[in-house]
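One chain comes next, on its own, written as structure tokens: the form predicted alone.
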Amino acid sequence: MAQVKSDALVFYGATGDLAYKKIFPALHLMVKRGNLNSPIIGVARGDYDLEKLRARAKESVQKYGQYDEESFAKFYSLLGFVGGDYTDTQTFIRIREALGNAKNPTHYLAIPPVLFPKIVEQLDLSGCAKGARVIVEKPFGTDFESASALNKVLLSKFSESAIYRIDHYLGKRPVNNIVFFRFVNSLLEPVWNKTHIESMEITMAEDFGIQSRGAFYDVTGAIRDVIQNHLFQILCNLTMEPPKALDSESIRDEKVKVLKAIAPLKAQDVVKGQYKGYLGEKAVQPNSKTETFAAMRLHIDSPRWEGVPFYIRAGKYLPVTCTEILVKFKHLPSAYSSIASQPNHIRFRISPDVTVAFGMLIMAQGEDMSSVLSEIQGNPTPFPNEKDAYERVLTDAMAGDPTHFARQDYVEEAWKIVDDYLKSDYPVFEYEPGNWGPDQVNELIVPTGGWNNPVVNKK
């Protein structure tokens, strides 16, 4: 069934940092490409008006976007503003008036989730929710209980099909390319299983710290910030079964099945770390045990993946900034097994560059029968003016395509995996900035043959 295209966008938090760095540049490009021709109404509290908002939007696009006079002039003409408190009924009456004849608006809540209950109630009372859909930013709660409560709030006034939960990682082309690469290339399916694959590793490394985000990060940590959402999405793309169809629900059904097959984390399957100096960061509690690094081992209890370990790690102040996946294959028993020096692999790099590489063994130099690993690489060339993650997901939301958004059951199943562990008081080990986490990682959570440490050529 064809989705109804939204005929207006109302975004709350129009003066915030996210709007300045991401939303304005994305909306401008949507206008530039002809994917957004509807009214854009910014809503914010404080001493603001339309002219100030337009000036901020221009500054934002010039700094973070692709500014040009002609397309920005059109964007400028579509931009409106409603000021007022989010708890004030009159604010939402003015929003309804600003929407004019729009029958299918999209409300984008780029604000803290604590404000959602009151806003959702006001949207309903003012008539703004009629025929509308709502976009919400992560975090989708801080645990299973809060995520369930947040979903109940949203579902009290909107149907699940009208709720779009943004995880911008789902808008990244290289992340989606994993699914495409798996299911389009027929040579992979026969070996993409427990019979042939030894293990998979997912690494998301950052060579910087929390960057003045202490107030947010100290109540969040690495597991909540990027593993439970971004890296679980990558894991699902790597391990889901082929969907029965290419519609959004068939694809999202298979992802939920993966999460349901993962048991809750146990203490022996996780190592947490905190970089030296974290406790001196602004707004961090003096005795904080928040992890800035985490490594974990998971298993998927399914016919395809039974017995295969999946290793995930993420952290701040690691040696490089890079997100990379390594799929290691088993050695097949044969007369040549003793010569195979290393396992074959497939390596996906998602950032900072995009690479797909096959690690194959070739004969080493010399007369003795020995092998050396060599990679065959493909480096997909980015399209000119390719959409970034926010432009892609906002375009999809306005068009009514939920494929790249998290569904209610997905969010809750992801929390079930980490919930009990996060509520327990497990040790956090200190590590020096520039190292691959604490020493305990290589004692307790280590793939066969050791971790794959990405190498990045710094310019």
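Heads up: residue numbers just count along the shown sequence, starting at 1. These numbers were taken from a predicted model, which means no experiment stands behind them.
Not pictured, yet referred to below: the form predicted together with a small molecule.
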* in the model of the complex, does each residue in the set Glu241, Arg304 and Lys330 place a non-hydrogen atom within 4.5 angstroms of the small molecule? -> no
* **Among the candidates Lys257, His168, Arg182, Arg347, the residue which, in the model of the complex, approaches the small molecule to within 4.5 Å (heavy atoms)** => His168
* Structure fact -> the small molecule in the model of the complex has a heavy atom of only one listed residue within 4.5 Å, and of Arg313, Lys172, His107, Lys272 that residue is Lys172
* To do: Can you check 274-282, 294-302, 174-182, 201-209 and let me know which stretch has heavy atoms within 4.5 Å of the small molecule in the model of the complex?
  => 201-209
* Asked: Does the small molecule come within 4.5 Å of any heavy atom of Arg213 in the model of the complex?
  -> yes
* Classify Ile163 as contacting or not contacting the small molecule in the model of the complex by the rule of any non-hydrogen atom within 4.5 angstroms, answering yes or no. => no
* **the small molecule contact at Lys387 in the model of the complex, heavy atom, 4.5 Å** => no
* 4.5 angstroms heavy atom contact with the small molecule in the model of the complex for Val226 -> yes
